[in-house]
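Just the one chain here, the form predicted on its own, laid out as structure tokens.
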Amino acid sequence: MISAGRQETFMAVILITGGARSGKSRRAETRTQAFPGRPVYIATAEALDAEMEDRIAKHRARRGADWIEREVPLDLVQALVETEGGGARLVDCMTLWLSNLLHSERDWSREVTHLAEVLPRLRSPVIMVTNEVGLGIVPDNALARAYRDAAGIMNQTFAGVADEVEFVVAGLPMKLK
């Protein structure tokens, strides 16, 4: 486990996955802050209702003012290129990004492939948070099944290019790669 005081020193693509409220975001924040430089938080969530506004506010309060924040619901490659050369970037979360792509009727498969091609060429570390949505029951409708399948394919794609993959359960990380 990375302690808050340990410094990471190499470029890395790190994928952190797990279920809802598993502790993935906290783990990703700790990993991001272990790299030199001011950390960058790239948020894919949009505050479309009061409940989501509250979630976002709680995340911001927990992180504090040390972070540079970017709100990027769709154009992750552009945001990662624009933030090169600084601190590590935390993208939270990839499954929300996927949902945004689907809702915007963008070609999610092409976007995922493009990002997976760009990630290994970046100089500054990237830590990505994603949800593991395939561990539950099979959804009862076609849209939910399509989303679950797309998320599984996306997660496999990013895990394939990641230097490290962790699965977080009950706040405890398990190293997968």
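Fair warning: this is a prediction, and the values are worked out from it, not measured in the lab. Start at 1 with the first residue shown and count on from there.
Not pictured, yet referred to below: the form predicted in complex with a further copy of the same chain.
Engineer: Going by heavy atom distances of 4.5 angstroms or less, which of 134, 120, 64, 37 would be at the interface with a further copy of the same chain in the predicted bound form?
Structural biologist: Selected option: 134.
Engineer: Verify the contact flag for residue 50: yes if a non-hydrogen atom of it lies within 4.5 Å of a non-hydrogen atom of a further copy of the same chain in the predicted bound form, no if not.
Structural biologist: Taking the distances in the predicted bound form, the answer for residue 50 is no, it never comes within 4.5 Å of a further copy of the same chain.
Engineer: With the cut-off set at 4.5 Å between non-hydrogen atoms, does residue 165 touch a further copy of the same chain in the predicted bound form?
Structural biologist: Flag for residue 165 set to yes.
Engineer: Is residue 57 close enough to touch a further copy of the same chain in the predicted bound form, meaning at least one heavy atom pair within 4.5 Å?
Structural biologist: Looking in the predicted bound form, residue contacts with a further copy of the same chain do not include residue 57, since no heavy atom lies within 4.5 Å.
Engineer: Residue 70 versus a further copy of the same chain, in the predicted bound form: is there a non-hydrogen atom within 4.5 Å?
Structural biologist: Judged by the heavy-atom cut-off of 4.5 Å, residue 70 is well away from a further copy of the same chain in the predicted bound form.
Engineer: Can you confirm whether 22, 152 and 156, the three residues that make up this candidate site, all sit within 4.5 Å of a further copy of the same chain in the predicted bound form, judged by heavy atoms?
Structural biologist: Affirmative, all three are within 4.5 Å.
Engineer: Taking a further copy of the same chain in the predicted bound form, which residues along 139 to 177 bring a heavy atom to within 4.5 Å of it?
Structural biologist: Result: 139, 144, 145, 147, 148, 149, 152, 153, 155, 156, 159, 165, 167, 169, 170, 171, 172, 174, 176, 177.
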